[in-house]
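The chain below stands alone, shown as structure tokens; this is the form predicted alone.
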């Protein structure tokens, strides 16, 4: 959705209000889930009048779906480009993992928000939002199919491979959120892991999972 700007001399919203609302909503939904967040909470965090939320988004549900859809659409575009690149299947898989982590780093609210939504059965996502995942699976499936055709990967269902790779990424993000609570950082399960190490580990794990038997 494009930002609506006010005409010269008018008293319309600042051009950056949509971004402020979006970022505030993403943080609130990630921390407390859809049902735990009110429009007033988002307005307070964004430092805007509540009317500005309805100026840019139809309602809280539309705002929530826009937040989720932003990440899904971005990943879909990225995977499509990777699948079409002039790279070996192994390099494409490695790049997919790296880019997924980098996109999640840029949107730290996404992993926890998505874990909440998945655990609840995705009750707040409509078919249009969920369909954004189609590009992700088509691109990822092409990477796997090309690898199988080249003899680099063993044949495997793309959904199983995808969840085996993305699942640990989401869980690690949740672990990091738990570690942020006071007094927990000294516990072994909450030790900080550089994301470059995380990427390298998942790349190696994925390659071994897919290597021909």
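Note that this is a predicted model, so its numbers are computed, not measured. Numbering follows the first chain given and starts at 1.
We do not show the form predicted in complex with another copy of the chain, though everything after this point is about it.
At the 4.5 Å threshold, heavy atoms of residue 66 stay clear of another copy of the chain in the predicted complex, well away from it. Contact check for residue 112: a heavy atom falls within 4.5 Å of another copy of the chain in the predicted complex. Interface membership of residue 57, defined by any non-hydrogen atom within 4.5 Å of another copy of the chain in the predicted complex, is ruled out. When contacts are judged by a 4.5 Å heavy atom cut-off, residue 154 counts as touching another copy of the chain in the predicted complex.
Comparing 79-87, 139-147, 118-126, 101-109 against another copy of the chain in the predicted complex, the single stretch with non-hydrogen atoms within 4.5 angstroms of it is 118-126.
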